[in-house]
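Coming up is one lone chain in structure tokens, specifically the form predicted on its own.
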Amino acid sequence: MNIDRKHVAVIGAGVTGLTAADTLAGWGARVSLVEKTPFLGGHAIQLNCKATDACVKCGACVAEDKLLSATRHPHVDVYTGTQIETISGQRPYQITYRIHSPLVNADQCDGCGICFETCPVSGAISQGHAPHGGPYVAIRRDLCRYFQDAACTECQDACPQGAIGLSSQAQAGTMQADAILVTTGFTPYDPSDKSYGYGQFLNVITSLDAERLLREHTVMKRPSDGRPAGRIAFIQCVGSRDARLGHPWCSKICCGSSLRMARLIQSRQEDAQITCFYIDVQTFGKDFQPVYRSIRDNIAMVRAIPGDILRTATDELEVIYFDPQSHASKESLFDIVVLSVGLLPAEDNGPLARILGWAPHESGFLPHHGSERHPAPEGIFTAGAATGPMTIAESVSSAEESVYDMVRFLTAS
């Protein structure tokens, strides 16, 4: 099978989109890889390697490998900061988009960090997570004061490399595609409405926050004061397996990620006391049983989900839960609490489905392109966490499966 001279658009450049783009290009297709954010790699590129004495197959290295392979392929054209506006026609599809010119020139930026120090708005400048897949930083137009009244140019004035150009304008563009693959990934659950104090207590963080902390530091440090956390709690299933929220599904990645992270922390902090609050533990990896036995010997496993978290006068976190063994309410003190947040449908799923005239699943995830209940327009394919929660390994496998379906379609058309 050969698909030379065929043009494919891949929408979403997380680990699924990167895998698909690289594989399609290997088959001979010309690939346009479209990503709405300034950074490639999605959530997976933010993950920290959890190897201790040997690889634990957490998948953290996969995203960077896929990013490098895809972006270096001569048949892959990358469009970052790009929003799809319309998709029309049939084979080839006509795609219109708006691309926001980068406000930071990746070739000139050396990641010195001066822009972070000078910017007066918290969060207006974000940092990339791919060490070899730039850019280092990007400016959020929705938070930057320049895009409110053009009065603030502090980061631009301070940049020693002259890499920042705030006056860059968005540009409209069009492309044709013989097939489209939607790999929009997922949105992490925001636990701000939970009674856990996220957004109020600095030392209540999400699992993604914890991943970033462990990338920056050797040990788990408290955001409030920077000292190592000796007592750490993980709370599982925050935002998933919750019928009250309308999220009855298991997010699949949380158990493996949290328990591997706990082992990593203990390997670096031998005196760390870690407690995991859970509903039940989902299997992960072929070596699950021996790994889990080892974890249970070193980590307190409490089969209960806490109801509240309070901050004490000494800046500790009091976790309140119903103890299944004593059948009574119990309180435990921790230095930091990690909320293992669930995977929700990507925010772009609804708009993209409407553009395509395609009904998403009632959950908000996109159906698989082979679904009989939700048939996709001819030449439209889906893969990865856009269709439901998946691990990194499952996302890669899903991408490869969808690419094979696309190749068969393109060779037959």
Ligand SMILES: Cc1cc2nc3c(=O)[nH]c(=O)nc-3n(C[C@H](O)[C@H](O)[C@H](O)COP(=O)(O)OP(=O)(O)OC[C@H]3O[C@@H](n4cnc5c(N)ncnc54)[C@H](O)[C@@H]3O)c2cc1C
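Quick note: we count residues from 1 along the sequence shown, nothing fancier. Here the structure is a predicted model, which is why all the values come from computation and not from measurement.
The form predicted together with the named molecule is left out here; the points below concern that form.
Look at 108-116, 82-90, 269-277, 229-237: in the predicted bound form, residues with non-hydrogen atoms within 4.5 angstroms of the named molecule sit in 82-90.
Three-residue candidate spot 29, 382 and 403; no residue lies within 4.5 angstroms of the named molecule in the predicted bound form by any non-hydrogen atom.
With the partner omitted here, the residue from 343, 336, 104, 180 that has a non-hydrogen atom within 4.5 angstroms of the named molecule in the predicted bound form is 343. Mapping the unseen interface onto this chain, residue 70 falls outside it, with no heavy atom inside 4.5 Å of the named molecule in the predicted bound form. Mapping the unseen interface onto this chain, residue 185 counts among the residues with a heavy atom inside 4.5 Å of the named molecule in the predicted bound form.
When the named molecule is considered in the predicted bound form, residue 20 lies well away from it, no heavy atom lying within 4.5 Å.
The closest non-hydrogen atom of residue 37 lies within 4.5 Å of the named molecule in the predicted bound form. Annotation for 205-226: interface residues with the named molecule in the predicted bound form are 207, 208, 211 [heavy atom within 4.5 Å].
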